[in-house]
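Before any questions on binding or motion, here is one chain by itself as structure tokens, the form predicted alone.
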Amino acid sequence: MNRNLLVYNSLTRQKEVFKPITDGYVGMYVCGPTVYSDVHLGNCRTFMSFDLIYRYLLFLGYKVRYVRNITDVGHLLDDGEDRMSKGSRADDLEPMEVAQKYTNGFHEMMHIFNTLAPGIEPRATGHIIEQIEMVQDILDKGYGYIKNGSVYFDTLNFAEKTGEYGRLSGRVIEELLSESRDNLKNQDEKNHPSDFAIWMKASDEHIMKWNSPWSVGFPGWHLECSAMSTKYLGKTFDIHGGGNDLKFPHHENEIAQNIGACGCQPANYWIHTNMLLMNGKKMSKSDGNTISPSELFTGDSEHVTKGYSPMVVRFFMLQSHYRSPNDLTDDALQAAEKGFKRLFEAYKSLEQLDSPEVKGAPLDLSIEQTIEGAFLNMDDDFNTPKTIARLFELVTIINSLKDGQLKINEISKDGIAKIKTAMKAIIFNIFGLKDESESSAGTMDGLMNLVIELRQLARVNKDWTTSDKIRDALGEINIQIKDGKEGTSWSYK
């Protein structure tokens, strides 16, 4: 925690020195998935970005209470139908079966991408009481009104009294006429088109509904995050995050609800991730410009020439800053795959380097500067692209030492140890990458040792034909063998 971490705050639109409310402790709330369908790859990018932020805060020594919700009620379509009800009809399941099915799928995908689980993962349906209480608090403060059993948030009154509405998204009331998700429903009940429902009276056919002081109904979509973040992190906490698409209306309305209920901003830092594009365009099912995570892994899509492993996809995501758009293309994935393999080959080679005990070796100072630069990049709003560039400066040094372009006595034992410590921390603990060859590494090493022994036997017997055949056959499957003073080694090209 001695490092000076800068975080871009969407609320103030500038980088700020990160200062938690409580020393050594961070409260972080991230808007989770709406569980009515399979997880979208763009959402995966968002959750991987916050996994990186979570990991780096832990690395810095903070105790982090990471809360990520599950939306299983109140998320309305344009026709006013709840998404869970639609999913229930489509899958011929009860709404909670739908929620559980897609929650399980979401968890499985997050595990595949090696994200850390949040400390708390509350569901909207498990916090109806808290949401009803918050609606009442908003009414008591004069920021809500009741119409025909539904309760609406009075945005004009709120904006006039606080000046806060539109601050996060940069919009003004005149621009907020018909943009809330529930605006196409019950427009005639509202005092102003920008008002939004915090409790909605349910129709007879509506499946998911609860008793309340105002009607049998259900909470508005925005209310759940306000209620649950307050319950688990307090009225004001450190970080609130989500995708850029949630700035308005979701996060703007969250802020209004929290200030309307308790008179305080819910979070000191608002962090938003940018979108995942594909082939330079927004992902869209309607025009076919989309790909699912499973299609990306198997290669079963017209948009890729082959399948890519989950860790290659994660490494690809890290190559763009979380606040920048990330353009998914086959060429970019191929480049990420090459970079990923090169990084892990260098890390394996690092384990084999052994330097004599020397002091003041020529490379030591530049290595220290490169490592410090990598962490300074992470301190600068979690800048992974620049951190990766620093990692590959170390990769170049490792490969030059391995190939003899640099002499091993140009680096000290302490210098090698520092590279090992830094690369292990960044690659595994912060970036959350895994060596995907680990599960088969023992078998592969055993097979390669046998192949190398057979080739060595052929060379001893001066059977150059067999020796060359083994070398060439390995080359065809992208395995390279090198003969040196210490013996023969192998690596992937």
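Computed from a prediction, not measured in an experiment: that's the story for all the values here. Residue numbers run from 1 along the displayed sequence. C-alpha atoms forming the largest set that superposes within 1.5 Å between two forms make up the rigid core.
Below: the form predicted together with the RNA, not depicted.
Among residues of the shown chain, residue 471 is one whose heavy atoms approach the RNA to within 4.5 Å in the predicted bound form.
In the predicted bound form, the RNA sits within 4.5 Å of a heavy atom belonging to residue 480. In the predicted bound form, the RNA sits within 4.5 Å of a heavy atom belonging to residue 248. The RNA in the predicted bound form is approached by residue 403, whose closest heavy atom lies within 4.5 angstroms of it.
Contact here is defined as any heavy atom lying within 4.5 Å of the RNA in the predicted bound form, and by that definition not a single one of 125, 140 and 209 is a contact residue.
Considering the RNA in the predicted bound form, the lone stretch of 356 to 364, 108 to 116, 387 to 395, 129 to 137 in range is 387 to 395 [heavy atom distance within 4.5 Å]. Checked against the RNA in the predicted bound form, the residues 321, 418, 201, 303 give one hit for a heavy atom within 4.5 Å, which is 321.
Note on contacts: among 299, 234, 170, 149, the single residue with a heavy atom within 4.5 Å of the RNA in the predicted bound form is 170.
Heavy atoms closer than or equal to 4.5 Å to the RNA in the predicted bound form belong, across 308 to 338, to the residues 316, 319, 320, 321, 324, 325, 326, 327, 329, 331, 332, 335, 338, ordered by sequence position. Relative to the superposed core, residue 472 undergoes a C-alpha shift of no less than 2 Å between this form and the one not shown.
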